[in-house]
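A lone chain, given as structure tokens: the form predicted alone.
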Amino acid sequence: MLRIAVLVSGGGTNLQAIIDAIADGTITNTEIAGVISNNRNAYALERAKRAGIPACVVSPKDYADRETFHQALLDTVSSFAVDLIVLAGYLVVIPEKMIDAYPNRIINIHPSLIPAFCGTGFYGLKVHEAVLARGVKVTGATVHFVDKGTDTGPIIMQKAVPVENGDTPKQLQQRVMEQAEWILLPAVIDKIANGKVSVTDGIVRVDVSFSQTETGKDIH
């Protein structure tokens, strides 16, 4: 049984996608051991509560300095005895000591096809604003392992989503969530839980390809 901690900062739609996928059997051999947020007002905490999942807040605002916060975050994650850390809209930089403690055991979902529209400053709606400003025709989402760079870790899986004429950033964001993020993240977690993902020399191998034809999901 794969024990995961899900780190969140906001509404928690990706967390909900994981909760629902475990409930309906899309994700197998997995349990959410705990949810951690840096934001005590995050609706994701309510989602965890409703699902009966332990949840807590570890905020940098509550600590004298960043180093103390980093240690508290690592200690909290460790207290859940997890095998995998899932960053699901977590807007705090992961400390290097955590990356060292969990090598190739931290994954992140990013709302673009890395290496496009990623790195410092590209998060949330800013990604979709940049996509539209550049005029690209295809965007999507990427799940990758976390390393000490920003969105630079080994790519596990990606899913493409079309950009449509007249899209607003909000409309594009919603389509990427529905058609990519809420499908892709559960798929990756299930594959990791069932030993279908490996990393060799920085290259990820997934032994079953991901279907690009799956339909989107409705999560609120």
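What you see is a predicted model, and the numbers here were worked out from it, not measured in a lab. Note that residue numbering begins at 1 and tracks the sequence as displayed.
The following text describes the form predicted together with a small molecule, which does not appear among the structures shown.
Taking non-hydrogen atoms only, Ala88 approaches the small molecule to within 4.5 angstroms in the predicted bound form. In the predicted bound form, the small molecule lies within 4.5 Å of some heavy atom of Gln173. Although the partner is absent from this view, Met177 contacts the small molecule in the predicted bound form, with a non-hydrogen atom inside 4.5 angstroms. The shortest heavy atom separation between Ile109 and the small molecule in the predicted bound form is within 4.5 Å. Heavy atoms within 4.5 Å of the small molecule in the predicted bound form map, among the stretches 113-121, 88-96, 67-75, 131-139, onto 88-96 alone.
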